[in-house]
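This document starts with one chain, in the form predicted alone, laid out as structure tokens.
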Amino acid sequence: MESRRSDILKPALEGGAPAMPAPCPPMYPGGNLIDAREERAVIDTLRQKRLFRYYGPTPGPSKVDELEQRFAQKMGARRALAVTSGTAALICAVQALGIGPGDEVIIPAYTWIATAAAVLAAGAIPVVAEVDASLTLDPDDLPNRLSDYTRAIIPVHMRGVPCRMAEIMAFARAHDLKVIEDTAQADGATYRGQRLGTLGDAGCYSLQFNKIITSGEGGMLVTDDEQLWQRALMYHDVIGGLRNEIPAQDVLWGINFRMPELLAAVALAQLDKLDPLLETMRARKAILRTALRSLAEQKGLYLQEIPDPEGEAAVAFILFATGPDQARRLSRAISAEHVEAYTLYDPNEVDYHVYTHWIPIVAQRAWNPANLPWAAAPRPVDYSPEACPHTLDLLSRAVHIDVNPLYTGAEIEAVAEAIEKALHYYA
């Protein structure tokens, strides 16, 4: 038995058999579950010939209307607004809150560039703050980023992990700041029993194909604030004020972020799959954490902190190596076991999830000759590696493994074995 166990733990890089017989399936949680329900929804919409929310050749209910009602109910929010992308949702939220030139918005240094771009689209300036070992916004760093120009905070629930919302909300309320939750990677997850996206003034979600549920593209905004919803509604539709009988004296100009009926039809079918997906990923991740926590600690490594383990979306298993070199070795070893693994930061590989790689933002390049909003920024803003060194250190040591809901029980055990082999041999 001992010799057999020794053989099992021999890494594939050293000639052992890979823990996973074949490469892992791609990590598209909702996308991989598209089936006859989405097909029927699309075909029914096409047959009705109603592809635009407000009218078509035949009368009938709108899929977008239905999605907004059901999404608000699912998240526990008073209002929901369906838009074309998660980025569009963020832009609508920033605009609805009246954030603009001369304002600053604190965002985490680890987030997709869209979080920063949404702030810039309103003419305001994103200010990056450190993340902690949860890889979400560090509340303890907020005082260091606060200025007389700060108007809002955008906490981002990265990789499905809830931010420390109690501390963030307390800070925001103490300083009269608005809070927009970027929930693009954590649809349906919770914090202390409340759905993410409903703790701040507005919550923004993505339905892009990589996300937990998907319509290919698309996004949602939720809020309990009626005025904020009306303002977001006007911004997302050039005549949204007229369509919704908002008093003329309150009507503002808008653009076009309206969600098409076909996207809403797919999203409605996916929404029914959200809670089962989360339940499956949480169960799979619990197996990994139980199997590997003790060994990781014995080797001087530690697992990602989860502010609310019961509420996280559990899309990823992340552990921190002692240094970048060890993290790269572990990633290579685990990947050789047919389990994809990678580090979250390499200074030489551009990744728009890391603030130092937001090339046009770091260079402060604008779309206009006047270089606005940078030229009108109320004070210098730092996007150099020295701005958030703790974030870069954490990301460089982080080893990321997807928690795929398609894994069978045997396959998630194989993932655990792959990581165990790497830790025994290379940590």
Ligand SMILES: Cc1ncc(COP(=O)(O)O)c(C=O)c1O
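All residue numbers are counted from 1 along the displayed sequence. Predicted model, so just to flag it, every value in this text is computed and none were measured.
If you look for the form predicted in complex with this ligand, you will not find it shown, but the lines that follow are about it.
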query: Heavy atom contact within 4.5 Å of this ligand in the model of the complex, the stretch among 98 to 106, 284 to 292, 82 to 90, 163 to 171; finding: 82 to 90
query: Contact test in the model of the complex: His236 vs this ligand, heavy atoms, 4.5 Å; finding: no
query: 4.5 Å heavy atom contact, Gln208 to this ligand in the model of the complex; finding: yes
query: Contact of Gly218 with this ligand in the model of the complex (heavy atom, 4.5 Å); finding: yes
query: Any non-hydrogen atom of Asp187 within 4.5 angstroms of this ligand in the model of the complex; finding: no
query: Listed residue (Gln270, Thr115, Thr223, Thr136) with a non-hydrogen atom within 4.5 angstroms of this ligand in the model of the complex; finding: Thr115
query: Contacting member of Val339, Ala264, Met158, Leu278, with respect to this ligand in the model of the complex [4.5 Å, heavy atom]; finding: Met158
